[in-house]
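Only one chain is given next, in structure tokens, and it is the form predicted alone.
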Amino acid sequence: MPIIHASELNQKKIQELIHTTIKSGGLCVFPTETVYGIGADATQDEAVKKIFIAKGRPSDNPLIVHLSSKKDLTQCVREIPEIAYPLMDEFWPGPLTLVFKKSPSISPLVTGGLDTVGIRIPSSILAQQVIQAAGVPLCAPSANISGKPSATLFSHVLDDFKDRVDLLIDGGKVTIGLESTVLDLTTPIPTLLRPGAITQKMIEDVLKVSILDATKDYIEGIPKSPGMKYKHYAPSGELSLVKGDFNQVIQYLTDAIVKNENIGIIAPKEYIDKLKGKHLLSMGSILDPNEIGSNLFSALRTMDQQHIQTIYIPVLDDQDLGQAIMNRLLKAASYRIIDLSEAR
């Protein structure tokens, strides 16, 4: 199984290899600006099936289709509502997925049998090179075993997919580290299905109207976006979120370490600096949510590598990008929260 390095993507023979692999129904893992994705031809049923098999992913969990240009959108969707244009102008290429009514050219397996499809154009130059070389729309969910933390480093995809795909592309560490924002444009009012780096406020500032937020649940029990129905992002150990003021959380974690020195703690630097223990991981400064978001999944995977069975993370501010970070943390913890204010 070939491993391609980012510097090789402009070589004609490499572009031909990607094209041949995808057109023949193969799978290619590649980096985007959000997380690594596992790509297949979104128009081929058999190719799409391979993604679900490789990831161990439920077949009713829809996939996102990646394009390299807006001009390719018309082959994937039946109609483009007017409200989509300002969003595409502002945020494409970038980490925003828009949900449209799908065209027959997209395999029904991509959408879990729904008549809607999520589309985005990555801003990553490497991702665009891969999609252009493939020459077809690529459905590309995050390159991780289903339910586990997403891959933000090449070592992560090597761990998960070394013997499960046809091509691996090494792009180093991704920049954002959280999956794209997903916004449904097929509803009467645009509806946020998954928060990401493009925040609700950013969307509303462009549209000049309020949108709905369905991230705490899914509409009528139908998951229109990845991550709305099944367990996601979870480490192997039991993860709990700790809610309270700074000093309360520090005291609780200090006491927990005294009781069990083998617990793992993932937290902003400001917390880690106040703690002493064997398995402490800093996500970055609490003042830099972008850094925290980019390091989150890697920290969860490190805990797995160290075989940590009990993990704690402080509850973080959920404003702006913090909404996306807390969305991932809550799902990774199966909504398990230790609320210290209730212990008073």
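The first residue of the sequence shown is number 1, and the count goes up from there. Keep in mind that this is a model prediction, so the values were computed, not measured.
Omitted from view is the form predicted in complex with a small molecule, to which the following refers.
At the 4.5 Å threshold, heavy atoms of Arg57 reach the small molecule in the predicted bound form. Using a 4.5 angstroms threshold between heavy atoms, Ile272 stays clear of the small molecule in the predicted bound form. The shortest heavy atom separation between Ala40 and the small molecule in the predicted bound form exceeds 4.5 Å. Mapping the unseen interface onto this chain, Pro149 falls outside it, with no heavy atom inside 4.5 Å of the small molecule in the predicted bound form. For the options Leu193, Ala197, Ile265, Ile169, the residue carrying a heavy atom within 4.5 angstroms of the small molecule in the predicted bound form is Leu193. The partner is absent here, but in the predicted bound form a heavy atom of Leu114, alone among Leu114, Met202, Ala234, Leu126, sits within 4.5 Å of the small molecule. Picking from 252-260, 140-148, 206-214, 159-167 the stretch near the small molecule in the predicted bound form, with a 4.5 Å limit on heavy atoms, gives 140-148.
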